[in-house]
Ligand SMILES: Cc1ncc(COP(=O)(O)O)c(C=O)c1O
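One chain follows as structure tokens, the form predicted alone.
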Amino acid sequence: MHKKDPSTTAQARRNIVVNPPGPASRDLASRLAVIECPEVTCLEDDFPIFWERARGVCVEDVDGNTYLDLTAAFAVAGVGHCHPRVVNAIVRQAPKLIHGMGDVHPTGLKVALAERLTALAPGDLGLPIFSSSGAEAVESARKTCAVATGRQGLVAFTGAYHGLTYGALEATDRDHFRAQFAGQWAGQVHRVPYPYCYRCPLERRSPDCRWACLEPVRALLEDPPDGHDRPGGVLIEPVQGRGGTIVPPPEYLERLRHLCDRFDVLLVFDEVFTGFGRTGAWFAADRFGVVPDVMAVGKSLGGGMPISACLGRPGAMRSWGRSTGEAVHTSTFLGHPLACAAALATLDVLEEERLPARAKTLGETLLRRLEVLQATYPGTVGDVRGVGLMAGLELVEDPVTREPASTLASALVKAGLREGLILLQEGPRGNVIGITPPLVIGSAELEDAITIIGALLDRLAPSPGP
């Protein structure tokens, strides 16, 4: 049984044997360029690397370079890459049954996972609808709002990322994703500002900016646009991930909960990114003390296997009615046996290794170290923020104008590869460095990573001056 405290493991070995991307990565990139839709993978002379294997917090590319992964592969590898418990669960299950008929002839694994999620979820959330991706879980949540309330509209937020399938994409923000498809929707999503304190014009003038943040939501729920009924749901990431690791101000989510209750609207949390320990609690809902009506989860649930779920309060989920043999909403891989087995093992690891609590403690250390970088480079690091092992470093070109420094962020990500770090740009302006390592990262490894980021800033950023 794997019970070793991750903080006591040996420091990850960053080992660059050939300047990345090496010849094997470049060869694969040239081959991919002629056989994949060109819009999918960004292929440049100095990016990307091609992964070969991974374990814990380390990734090895096809050229033999070893990296410290500060992304957890889009926060999927919460328990670490190829955790032995997860691997063993897959190995045990694969010879028995790889695929079943999840909504016709289910498996016991689906039952066990549904029971486990219901026991872990905040409040009375349960009765899951399983699927394969986070976007699908959001689709399920959006449909649940319509079925439960009889109202099609949805409130979503600026900077939101809920996935790129059609229903989720309408709620996702950013013209880059939406522009080519905007004419295909019925206009049922109403956008309001997410509480982005660093870029809020009221932060120095409002005596209580928390109320100001909620005013657009209140106004929309109280007086919907002409021709529209009151929305059936409010969909929000309790902490925005790809939007730039935006943490709402204290009490915001609690007050949003009260607004939804007041206007009889379902509150939906998209916890695809934040769920399963990322924020220092099992769910961000637990961390902020707010129980939504519906919650979408995914990413790290499967320990690397594709599985997601939409959970809800009994009244919302039972509003779907009972299946009479042809489910209104389902998918081919619903309750996939291999993914369910991996998910059950992942939940065991999270619980037995106490990774949510560990993420809380390490996250506090991470923020303190990032604040030191902010103080060291006040003209370049505009803001640092985060909760648990989910942090963002916002880079700016000027501390007064706060003009985004997306070029610097890109350079830092690429320079990080050459130093053995895997980083990602986040935010609609591409100027936020997201830091979401596997929850099993050791304290020495985390310190090593922040030291490297500081050295890269020293090399790439303008001189901080006297």
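Don't overthink the numbering: it's just position in the shown sequence, from 1. Given the structure is predicted, the values throughout are model-derived calculations rather than measurements.
This next part talks about the form predicted together with the named molecule, which is not shown.
A heavy atom within 4.5 Å of the named molecule in the predicted bound form is found for exactly one of A141, V272, A284, L389: V272. Comment: the named molecule is not present in this chain, but in the predicted bound form one of V384, L350, A135, V155 has a heavy atom within 4.5 Å of it, namely A135. Checking 320 to 328, 366 to 374, 159 to 167, 276 to 284 against the named molecule in the predicted bound form, the stretch whose residues place heavy atoms within 4.5 Å of it is 159 to 167. Although the partner is absent here, H83 lies well away from the named molecule in the predicted bound form, with no heavy atom inside 4.5 Å.
Though the partner is left out of this view, R242 does reach within 4.5 Å of the named molecule in the predicted bound form, counting heavy atoms only. Remark: E237 counts among the residues lining the named molecule in the predicted bound form, judged by a heavy atom distance of 4.5 Å or less. Using a 4.5 angstroms threshold between heavy atoms, H336 stays clear of the named molecule in the predicted bound form. Taking a 4.5 Å heavy atom cutoff to the named molecule in the predicted bound form, the one contacting residue in 276 to 311 is K299.
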